[in-house]
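Before any questions on how it binds or moves, here is one chain, the form predicted alone, in structure tokens.
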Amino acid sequence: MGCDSLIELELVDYQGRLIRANKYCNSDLFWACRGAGGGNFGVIVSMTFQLQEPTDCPVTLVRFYYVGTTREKQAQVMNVWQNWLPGLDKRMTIVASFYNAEGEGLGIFATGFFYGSSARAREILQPFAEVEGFRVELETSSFLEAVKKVEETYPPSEKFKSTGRFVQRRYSPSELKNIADLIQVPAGGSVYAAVSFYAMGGEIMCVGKRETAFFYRDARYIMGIQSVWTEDSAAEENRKWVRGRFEYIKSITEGSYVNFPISKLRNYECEYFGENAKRLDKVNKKYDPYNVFKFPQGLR
């Protein structure tokens, strides 16, 4: 995670003072900003990151999808995912989306990186290939080239609402069917609705839950839901659509991902930061005692 590579930051506090924070100086603030620094405590004006050691290993850009997707197939692939992910080689990371798009209908698309050869990537993906309709594209390139190709798939801007929760367990066939059902009938005016699975595990789990403010390190993956629209008149209906379906996802998950926030979330500090919430409140009162940096769902 990005917060695990952060080694120092500079922050302007409520009195206008420039504060430096790292492992040895203002270490409590540094701890808090590694996972909960978005708008809390002050204005961060600089960040220093530790670069990863260079490697000669190739990067394989992974993309796979299915021809002839149905609701049943979406649930089937979700099941493959949840059984495949726990033992996944930590050199691979994948985001899988189960969607319903205007003009296309139901689909499944996944993309990610594998820090190794395309031949080995194909072997790792074999469980997905056992589901009918599987198609895969593997391309070896430099890391930067792979990142740029992923970037090209995103539009320069779009109107959307998205949120996500942490998955801690396997789901039953009936639960997987319920998850697939969430996107079978999109909101009026929606051009794309999806449930997406963002892989966790790997290096994320090598850091303790209390070592940084990011608490949910033992989660298997993040389950996100989103809807995209083009006309402003469709905005409210799409927002309600996401909010309504979020309630089911909330009932089968534990904790919300702070980078995918959602309004009107009860007890949001504990939902976003788990058992680290109390310590974060203490840090907030120390560095922003008058709550100058106040915003919806900010630390209070």
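All residue numbers are counted from 1 along the displayed sequence. Here the structure is a predicted model, which is why all the values come from computation and not from measurement.
As for the form predicted together with a small molecule, it is not shown, yet the points below apply to it.
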| item | value |
| --- | --- |
| One stretch from 228-236, 254-262, 267-275, 24-32 that, in the predicted complex, holds residues within 4.5 Å of the small molecule by heavy atom | 254-262 |
| Exercise: Tyr99 in contact with the small molecule in the predicted complex, heavy atom 4.5 Å | no |
| Contact flag, Phe160 vs the small molecule in the predicted complex, heavy atom cut 4.5 Å | yes |
| Residue contact check: Cys57 to the small molecule in the predicted complex, 4.5 Å heavy atom | no |
| Contact flag, Gly38 vs the small molecule in the predicted complex, heavy atom cut 4.5 Å | yes |
| Selected contact from Ile249, Leu61, Val242, Ile44, since only one has a non-hydrogen atom within 4.5 angstroms of the small molecule in the predicted complex | Ile44 |
